[in-house]
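The chain below stands alone and is given in structure tokens; this is the form predicted alone.
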């Protein structure tokens, strides 16, 4: 993957902390020669989250002086709050968290900080500026890239026209709103583009997106493009269209994630028109935690790069990952 293929992203993220915050009195003291790093994952029901955990576990093998503890919130805010409470009781040296939703996890993040545990937030932010660092993709920029590509596919700037189905991720998550806002920053300029649904959430799940698309197909004779906030939902919409015998009529389906064995494969097969890489922050999150523990300087925000994946470059990615 050549560096120049990556799309440029802004270095600021709405709501992210802009200063490195470390709780007063925090000590990176080791226990039995090891640091304990806790990671609260919100769910493992999504393939991207499974890869997320694999990435952080793989990085942990490079740091024998780190004891990594991973919890699974099972897609429930109350379970993830309980997980974080447990990690606080264990007195982890650093808490990594990828929240299910911002508002519901902010309180326990503040609780960890009050207990003198620095918090690094991954992928989805929380509503406090006292976090040590945020790591994730720039969802607004990725949404804009998706919107720009959609306009191109529908006829180009000033001429784009068509009926668009947008399937949201979780309505309580900032990434879904950012991916929506970024997309519409481009598509709303085109009077020929019509939106067929009003804030339909697939909660990042393929089966829910299938059901939304089934209803959209039933109620609309003409659909030109589907924008899914992640690849599983875009693929679920594709399967619904295929089952209805209309997949050939819908010219373009876009997604976001770019996992080799999912989105990239579906693009390679022509089932999705394009996807955008949304790298997991797992490995980088652990690397940054280790830097903090070693007393090295951190940046307040790390923005992970993205890239457009189409049928032209998908085979190269599959080859590099041993899938072709």
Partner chain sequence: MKVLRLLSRTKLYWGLLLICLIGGLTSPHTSSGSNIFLSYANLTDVLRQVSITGLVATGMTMVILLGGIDLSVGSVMGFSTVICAMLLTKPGLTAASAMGVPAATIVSGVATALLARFIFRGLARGRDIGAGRRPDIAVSPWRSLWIPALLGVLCATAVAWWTTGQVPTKFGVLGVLLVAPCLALVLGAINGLLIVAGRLQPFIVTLAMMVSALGVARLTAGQDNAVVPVYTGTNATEAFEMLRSMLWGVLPVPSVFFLAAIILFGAIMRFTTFGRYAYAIGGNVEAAKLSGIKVAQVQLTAYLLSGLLAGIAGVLFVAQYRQGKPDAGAGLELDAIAAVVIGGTSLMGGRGGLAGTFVGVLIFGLLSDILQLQNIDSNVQLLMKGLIIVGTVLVQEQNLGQLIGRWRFSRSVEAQVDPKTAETHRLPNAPTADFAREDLDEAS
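Computed from a predicted structure; not experimentally measured. For clarity, a rigid core is taken as the largest C-alpha set superposing within 1.5 Å between two forms. Positions refer to the first chain, counted from 1.
The form predicted together with the partner chain exists for this protein as well; it is not shown, and the discussion that follows is about that form.
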Does residue 35 reach the partner chain in the predicted bound form if we count a contact as any heavy atom within 4.5 Å?
-> no
Although the partner chain is absent from this view, report whether residue 211 comes within 4.5 Å of it in the predicted bound form, heavy atoms only.
-> yes
Taking 4.5 angstroms as the cut-off for heavy atoms, does residue 188 touch the partner chain in the predicted bound form?
-> no
Does any heavy atom of residue 78 come within 4.5 Å of a heavy atom of the partner chain in the predicted bound form?
-> no
Listed residue that, although the partner chain is not shown, lies within 4.5 Å of it in the predicted bound form (heavy atoms), from 124, 180, 205, 149 = 205
Between the options 132, 201, 93, 174, which residue brings a heavy atom to within 4.5 Å of the partner chain in the predicted bound form?
-> 201
Pick from 140 to 148, 236 to 244, 78 to 86, 96 to 104: which stretch has a heavy atom within 4.5 Å of the partner chain in the predicted bound form?
-> 236 to 244
Within 4.5 Å of the partner chain in the predicted bound form: residues from 58 to 85 (heavy atom criterion) | 72
After a core superposition, would you say residue 43 shifts its C-alpha by at least 2 Å between this form and the one not shown?
-> yes
Per-residue C-alpha change between this form and the one not shown, residue 163, threshold 2 Å, rigid core fit | no
